[in-house]
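A lone chain, given as structure tokens: the form predicted alone.
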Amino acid sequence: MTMKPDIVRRYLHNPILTKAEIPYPVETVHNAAVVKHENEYIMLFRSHLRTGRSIIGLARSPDGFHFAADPEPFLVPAQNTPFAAYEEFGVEDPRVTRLDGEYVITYSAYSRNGVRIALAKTKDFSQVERVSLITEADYRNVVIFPEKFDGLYARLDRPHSEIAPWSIWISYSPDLRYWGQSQLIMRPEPYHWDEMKIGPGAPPIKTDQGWLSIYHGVFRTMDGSVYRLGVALHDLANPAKIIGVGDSWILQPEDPWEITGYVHNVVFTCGAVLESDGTVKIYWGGADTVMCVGEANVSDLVALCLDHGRPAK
């Protein structure tokens, strides 16, 4: 099989959302979750304030390309316990999964105690309910599978470690609050585009061949780190088993707003939408500053894992 050079086709009118289009003061728009709700695309985006701390806003689109932001932020640091003590420095990088007839939101809660993951729920994105803090410090990038496995919910995450490379783990829960049975399932590849650290990106997408996971990988250069996107394929019945990892990246910083910004040389995804025609809309933050989108055929992403893949660890 011949590899296709550009699996992800960038939208010609990127970026699709910037700080200039937000009706309240923000300095960035990036790292957004996106889902389709009642034929409308909902984007939950992270924004820096001039304090340097982050909030989460909401934007809507009829087609997945043209977004308009709501007049007020969607989620700001909590004022009530127990969340207030762990969100005082900001809320960041949401992910959204449709589960049991509602939407489950995970996000990073920053405070002087480190970064934890919080879980919230909403039915319609007009009201949101905080449910629980589901990790201790220091965890990031929690994505929840949209189905149960043997009666248990499953999630991917990336704990911080100075001993082992920053790797992807899986955990299980009976109720979305209490998590365990954790195991490491995917490591960075030495001297590769994702050798420094990896982390889950968008919530996994179900395909006939397996669960497709879009993840970010980081490579350290003489001029700083570069964030790129790659794909892995998990077994349908046992998501802890990874069938293959695409050996090459699917997206890297190339456009000016991805190379230069708040954090240079970054493409970072928190959301992707599988369409009925087999295409996937992949959303990414460019240089931690603006939001972008591109499309790929899900079959090409799966093939990269199966035909041009490598073992997970």
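For every residue, the number given is its place in the sequence shown, counted from 1. These numbers were taken from a predicted model, which means no experiment stands behind them.
As for the form predicted in complex with beta-D-mannopyranose, it is not shown, yet the points below apply to it.
S.K.: Heavy atoms within 4.5 Å of beta-D-mannopyranose in the predicted bound form: which stretch among 55-63, 266-274, 251-259, 37-45?
M.R.: Partner-contacting stretch among the options: 266-274.
S.K.: Could you work out which of Tyr227, Tyr215, Tyr107, Trp211 is the residue within 4.5 angstroms of beta-D-mannopyranose in the predicted bound form, going by heavy atoms?
M.R.: Partner contact (heavy atom, 4.5 Å) among the options: Tyr227.
S.K.: Does beta-D-mannopyranose get within 4.5 angstroms of any non-hydrogen atom of Asp93 in the predicted bound form?
M.R.: Asp93: contacts beta-D-mannopyranose in the predicted bound form.
S.K.: Can you tell me whether Arg116 touches beta-D-mannopyranose? I mean in the predicted bound form, with a 4.5 angstroms heavy atom cut-off.
M.R.: Contact check for Arg116: no, nothing within 4.5 Å of beta-D-mannopyranose in the predicted bound form.
S.K.: Tell me, yes or no, whether Arg187 is in contact with beta-D-mannopyranose in the predicted bound form, where a contact means a heavy atom of each within 4.5 Å.
M.R.: So Arg187 does not count as contacting beta-D-mannopyranose.
S.K.: Give a yes/no on whether Lys197 approaches beta-D-mannopyranose to within 4.5 Å in the predicted bound form, heavy atoms considered.
M.R.: Judged by the heavy-atom cut-off of 4.5 Å, Lys197 is in contact with beta-D-mannopyranose in the predicted bound form.
S.K.: Residue by residue through 282-313, tell me which have a non-hydrogen atom within 4.5 angstroms of beta-D-mannopyranose in the predicted bound form.
M.R.: If the 4.5 Å heavy-atom criterion is applied to beta-D-mannopyranose in the predicted bound form, 282-313 yields only Asp288.
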